[in-house]
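Only one chain is given next, in structure tokens, and it is the form predicted alone.
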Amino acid sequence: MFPACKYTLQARQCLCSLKVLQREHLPSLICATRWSSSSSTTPRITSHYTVYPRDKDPRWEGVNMERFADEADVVIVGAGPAGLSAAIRLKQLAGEQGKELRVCVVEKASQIGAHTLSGACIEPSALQELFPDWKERGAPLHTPVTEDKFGILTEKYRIPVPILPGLPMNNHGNYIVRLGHLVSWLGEQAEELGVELYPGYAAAEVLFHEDGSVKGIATNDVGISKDGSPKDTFERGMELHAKVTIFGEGCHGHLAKQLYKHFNLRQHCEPQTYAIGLKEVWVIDEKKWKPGRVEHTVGWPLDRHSYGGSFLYHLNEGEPLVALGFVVGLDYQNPYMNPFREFQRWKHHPTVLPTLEGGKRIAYGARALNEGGFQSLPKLTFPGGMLVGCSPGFMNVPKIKGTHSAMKSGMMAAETVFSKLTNENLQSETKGLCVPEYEENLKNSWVWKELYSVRNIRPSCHGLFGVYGGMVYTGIFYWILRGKEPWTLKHKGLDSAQLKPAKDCMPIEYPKPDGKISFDLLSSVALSGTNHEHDQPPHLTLKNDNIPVNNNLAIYDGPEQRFCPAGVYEYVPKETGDGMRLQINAQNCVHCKTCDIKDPSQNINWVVPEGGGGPAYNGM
């Protein structure tokens, strides 16, 4: 893991210059302005400047808004598998050809890997391409898969399903990993190659040239009070300009959402569809520990029309650890569904409970997953930038794997960018370079072929027989025909549009947690290490503060208080006693983005908080 203050010399000089410049120009009247206008007649939920612009706020008059700017050849947003693979590959190519190339990576987590969460059982193919000597370098892949099990759960029983060679769920040759540790290791390799890493700095804004091409990014401002006014410690973020900016923010990225609209990147694809994945790590009785065992199930406690399932992986990391989790497709219809409580209920199944009895839970987290696959891939390039990894959505849903394809997309982006940057005869119509060759090369790679071959498996679960119909479809059209059927099925549409009104659905009665196998939400969030500066504007912003009560609560019985896996949203009585109001506990947020995706009013907009905030996962 990297400490938040660990940077290359050039990056440290850049940040020091930023602080000196801003202190010299920080007006002495900020405090007076803030306090003179801090009283508000009606407290509001949203105070973020993306909803209430600062140029119209008298409390910001006279505040110096100048930003320090620095320039690199390539700026990468997000230090995940895709972003770090792109950075590493760029520096590898530069070293091989004796070229000078400045590559900067900004990451909102305080440490590299601290916001990474995945199952994870990974295919090592992309890692093998990036570092053929990864074993000698000490990559943390300690657990090769030795046993593969799949089953359908009923309330009391497990029906085994054979995993035939060639089926997506076959994990022969794969490794069970703690993905956060692998990402941390990739960060170390990147730094050794000369990549500049900026952990703890969230990319908050896309910058554009006058010709409309992407110029780079700006990191978030710090020192803003919860009411949206400047503190006396206010500092502007820094600008990082680049010839090409690579966006690898992960699923449902804050900046990617803006780019989709700005460049109309989703014009020719279906809407993305998602799932929420919840995960725990346990230390179990050593007698029950089977290092290398991989178990997956579908069925109970979900009905056949709710897509989802479970995983249980036995790690081999020096102590008897298991990683277990539950995935629920966010196209579910019943607003009373609570994915967290479905997960807790699943652990009490007669075939799961024995593994956990006598054990101790040591970690918890959650994140959203892209499930749209091939049909939902947007245009990947635009003037000045490109999308890599889980940001556009390269996850192979039937395999429940996306790390290998995310890494490969980052590597291919790097190769095409490097070729462009080192072309002595380069001519560009825009200041920010456009690299359409990246998408063309990706379409000729194994990533595209893999996603195309499984394109119909997820949407085949929308039929009369639900998930079980999808399993039959997989057996016939994937195992036999390898996805060569001459049709492409469609998804149902936006996940946010799938909820039925509460009056048309049955409330779901969940058992109370026992504190041994199943747990309450707040004690779970405590295990994620989540922390945010309390006195800052909530980064869960609302376009309209009235919609949650008037629409979400009135029609859907407030589903955000159930689909959020961190207890961020609560409906509480008004102080006046005349009705309810929405309370946002932003400090609990684990950055999963589920609220932004599933909100039936599409009124919630997740934006980045101050850099360094969020979960502090250790090898999740």
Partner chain sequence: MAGRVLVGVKRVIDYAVKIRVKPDKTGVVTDGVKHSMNPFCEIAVEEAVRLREKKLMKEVIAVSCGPQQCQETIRTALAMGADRGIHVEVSGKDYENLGPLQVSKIMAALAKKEEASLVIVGKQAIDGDCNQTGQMTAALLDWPQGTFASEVSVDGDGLKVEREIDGGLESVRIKMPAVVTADLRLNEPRYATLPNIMKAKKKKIASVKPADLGVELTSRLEILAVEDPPQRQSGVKVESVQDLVTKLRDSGTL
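All values derive from a computational prediction rather than experimental measurement. Positions refer to the first chain, counted from 1.
Unshown form predicted in complex with the partner chain; subsequent notes refer to it.
Visitor: Go through 266, 102, 288, 209 and name the one with a heavy atom inside 4.5 Å of the partner chain in the predicted complex.
Guide: Exactly one residue meets the criterion: 102.
Visitor: Heavy atom within 4.5 Å of the partner chain in the predicted complex: which of 541, 111, 189, 376 fits that? Just give me the one.
Guide: Only one option qualifies, and that one is 111.
Visitor: Counting only non-hydrogen atoms, choose the one of 470-478, 234-242, 433-441, 450-458 that falls within 4.5 Å of the partner chain in the predicted complex.
Guide: Single hit among the candidates: 234-242.
Visitor: Test of understanding: in the predicted complex, would residue 133 fall inside 4.5 Å of the partner chain by heavy atoms?
Guide: Residue-level check for residue 133: no, no contact with the partner chain.
Visitor: Wondering, does residue 198 line up within 4.5 Å of the partner chain in the predicted complex on heavy atoms?
Guide: Residue 198: contacts the partner chain in the predicted complex.
Visitor: Classify residue 405 as contacting or not contacting the partner chain in the predicted complex by the rule of any non-hydrogen atom within 4.5 angstroms, answering yes or no.
Guide: Residue 405: no, not in contact with the partner chain in the predicted complex.
Visitor: Is residue 353 close enough to the partner chain in the predicted complex to count, meaning some heavy atom within 4.5 Å?
Guide: No, residue 353 sits far enough from the partner chain in the predicted complex that none of its heavy atoms falls within 4.5 Å.
Visitor: Taking only heavy atoms into account, state which residues of 343-380 are within 4.5 Å of the partner chain in the predicted complex, ordered by sequence.
Guide: Counting only heavy atoms within 4.5 Å of the partner chain in the predicted complex, the contacting residues of 343-380 are 360, 362.
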